[in-house]
Ligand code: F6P
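Below sits a lone chain in structure tokens, taken as the form predicted alone.
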Amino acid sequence: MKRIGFLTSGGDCQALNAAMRGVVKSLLNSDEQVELFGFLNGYQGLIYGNFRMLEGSDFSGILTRGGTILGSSRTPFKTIHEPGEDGVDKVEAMKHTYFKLNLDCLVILGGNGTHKTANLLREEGLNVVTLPKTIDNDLWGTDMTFGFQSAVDIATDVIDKIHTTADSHGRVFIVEVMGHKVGFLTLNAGMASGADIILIPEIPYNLDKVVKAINKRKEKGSKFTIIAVAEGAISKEDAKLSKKAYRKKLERYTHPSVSYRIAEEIEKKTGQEVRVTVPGHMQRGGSPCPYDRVFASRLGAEAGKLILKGEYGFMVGYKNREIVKVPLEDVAGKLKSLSPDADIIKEAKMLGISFGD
């Protein structure tokens, strides 16, 4: 009998349920008897022992369901060793719950912060297997994360729809796509939807270059311009500042986000009308796309195989079109970002897309 715990941590995304279903179905289709424990609302459930017993029927009909049936929350790694307001030692509480329930393994689904804590629990003696979840696709050790392609589809659909109204009114439209630290989502959605300018965190922009690209389109007879902007896009000027100085500078702004600052500056320099669209958490929501359903199911099945073999301390990832197991210590604390010299960036520029650099 194997006793397996599950939790989903951090921001939600599509295919969390599909991934858990993949793990459970692979376990239930084996000869091993299993008991399933679902911890509610991420690491908080493990800290406070909030869980419910799960049956195979709980995973029926959830392949296409967005969000997570277990709920999620953020438990920042930077404060994981600090007692909560109630004085609880988070790490010791999680260990206590794990050993009290006599678990054989804990399956954790999450992104960067989640994997830091997962690796910490591994170091503390817990058997852990993780699955890579994030719409940002910025998790080290895997070429792809589930949730990413679904978010690309949604952001692409938004930009597709903006094209018609931008064309009708002859305006510059900015669509702000999620991504504080990396630009995978913005780049892929921008290219897929034919955006003219793409601004991402890895390539600080020069506003004059952005304006030049807009004016160039206008001179060629194009009366509108579509700009895909990552929420973490930064100007060359601001990129030179320290993090502390940049945060202080941001405090002086009254704009809701970087896209509104860029819009205001473009209007001043070009005289053109600029509108901003922010799809926001829509990019995390709804049913996973077919790609993510298959991808998450494959990862889940492989996680189940690791559990049955007693191979713990790994993230199930995807490298060079193959499912792989990656040691957690190689994943935790590392961010995967876009290289400005990446082939996809060079190819986008060949297509005439400006990055404002």
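Bear in mind the structure is a predicted one, so any value in this text is a computation, not a measurement. One rule holds for the numbers: they count along the sequence shown, beginning at 1.
Form predicted together with the named molecule: not shown, discussed below.
Checking K240, H81, H180, H169 for any heavy atom within 4.5 Å of the named molecule in the predicted complex turns up a single hit: H180.
The listed set I135, A195, A230, A155 contains one residue whose heavy atoms approach the named molecule in the predicted complex to within 4.5 Å, identified as I135. By the criterion of a heavy atom within 4.5 Å, H281 is counted among the residues contacting the named molecule in the predicted complex.
When contacts are judged by a 4.5 Å heavy atom cut-off, R261 does not count as touching the named molecule in the predicted complex.
A residue is said to contact a partner when one of its heavy atoms sits within 4.5 Å of a partner heavy atom; R74 meets this definition for the named molecule in the predicted complex. The partner is not drawn, yet in the predicted complex one stretch among 171 to 179, 88 to 96, 122 to 130, 201 to 209 has residues with heavy atoms inside 4.5 Å of the named molecule: 171 to 179.
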